[in-house]
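Just one chain follows, in the form predicted alone, and it is written as structure tokens.
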Amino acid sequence: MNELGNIFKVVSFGESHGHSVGCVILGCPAGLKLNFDKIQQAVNRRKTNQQAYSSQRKESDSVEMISGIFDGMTSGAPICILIKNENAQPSDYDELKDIFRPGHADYSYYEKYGIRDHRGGGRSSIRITAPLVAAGEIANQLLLHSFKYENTTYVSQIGKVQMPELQNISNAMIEDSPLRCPHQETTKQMSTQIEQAKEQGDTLGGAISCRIKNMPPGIGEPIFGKLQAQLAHAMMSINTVKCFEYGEGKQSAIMNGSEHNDPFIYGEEKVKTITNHHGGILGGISTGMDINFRVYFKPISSIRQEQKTINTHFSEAKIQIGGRHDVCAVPRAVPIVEAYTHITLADLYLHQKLSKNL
């Protein structure tokens, strides 16, 4: 269960404070010319220590590709991606060795394996996503090579502050914001809320929205490989994600069928719908309309306030977590959501190519 995808498959390895984190990509077609600068840039966007509210762990996150590349192109062999842990500080977690941290995976890992890596959570750390973001950028380049793929992913909520709906959002607008929220006034309100949480030794969650344009119709499987199910599987595999919705999502429950249905039309030599309440997916298969979904993150569990818990002897204990932790990790999760989306869509696109020539 360390794999994402079936044809374009990414296998994850490594721990937060081990020697390295990495992944192996299986099934990437040969002959894809890679832009290595963009791969590194994608990884840099999820790095820690970029804002005052993020973890102060400082890693270069230099991407090494140790197999599967020849003359700047994919060779068809497995692509192994390695990122060394240069600033690991496992001693920060010595006091937590026998403590189950509230909200973390400590207890569940302990019960599953009978042993746990207490150094930053080991495999349960968001650190393991660094090489997966690199893999996601390779998937992105594969999709861009295949059709006019366009992915716009941004922070739409932090805590109780929500961004108003915008029709036109550019990647420049997103990256101009320190919180990756393309609305300036909302960014200011979010920043104020983060500062308040930081002063209180608390943390915040939020939401990330994703819009995908130009996805060909016919991508996805009708029963157990539904496009929305595959996206949900990928998104719910990201640390702290608690909810996934696409199209109108939970709002669909309060709409009438006459409101929610999207009338079909034919124009510009293709089938469209007048509205897009279905979020670009019907019957688990893409329709060619924009795919849109939202992912909701809980607050980071490592708070600086004193909390009650128990230890590995099941005795009562108190804990106050220090070390290097995010106040709000949602902006840093944008490139992770992008990467997991790219991988999922690249996998389903290749699956479709096996069954039909696009």
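Everything numeric here is computed off the predicted structure, so don't read it as measured data. Counting begins at 1, following the sequence as shown.
Heads up, the form predicted together with another copy of the chain isn't pictured, but that's what we're talking about next.
Student: Which residue among Met163, Ile174, Leu142, Cys210 has a heavy atom within 4.5 angstroms of another copy of the chain in the model of the complex?
Tutor: Of the candidates Met163, Ile174, Leu142, Cys210, Leu142 is the one lying within 4.5 Å of another copy of the chain in the model of the complex.
Student: Any idea which of 164-172, 216-224, 148-156, 183-191 reaches within 4.5 Å of another copy of the chain in the model of the complex, heavy atoms considered?
Tutor: Selected range: 216-224.
Student: Can you work out whether Asp290 and another copy of the chain are in contact in the model of the complex, taking contact to mean some heavy atom pair no more than 4.5 Å apart?
Tutor: No, Asp290 is distant from the partner.
Student: Indicate whether Leu348 is a 4.5 Å heavy atom neighbour of another copy of the chain in the model of the complex.
Tutor: Leu348: yes, in contact with another copy of the chain in the model of the complex.
Student: Using a 4.5 Å heavy atom cut-off, state whether Cys80 contacts another copy of the chain in the model of the complex.
Tutor: Although another copy of the chain is absent here, Cys80 would touch it in the model of the complex, with heavy atoms inside 4.5 Å.
Student: Applying a 4.5 Å heavy atom distance criterion, does Lys198 contact another copy of the chain in the model of the complex?
Tutor: Flag for Lys198 set to no.
Student: Heavy atom within 4.5 Å of another copy of the chain in the model of the complex: which residues of 298-312 qualify?
Tutor: The stretch touches the partner through Lys298, Pro299, Ile300, Ser301, Ile303, Gln305, Gln307, Lys308, Thr309, Ile310.
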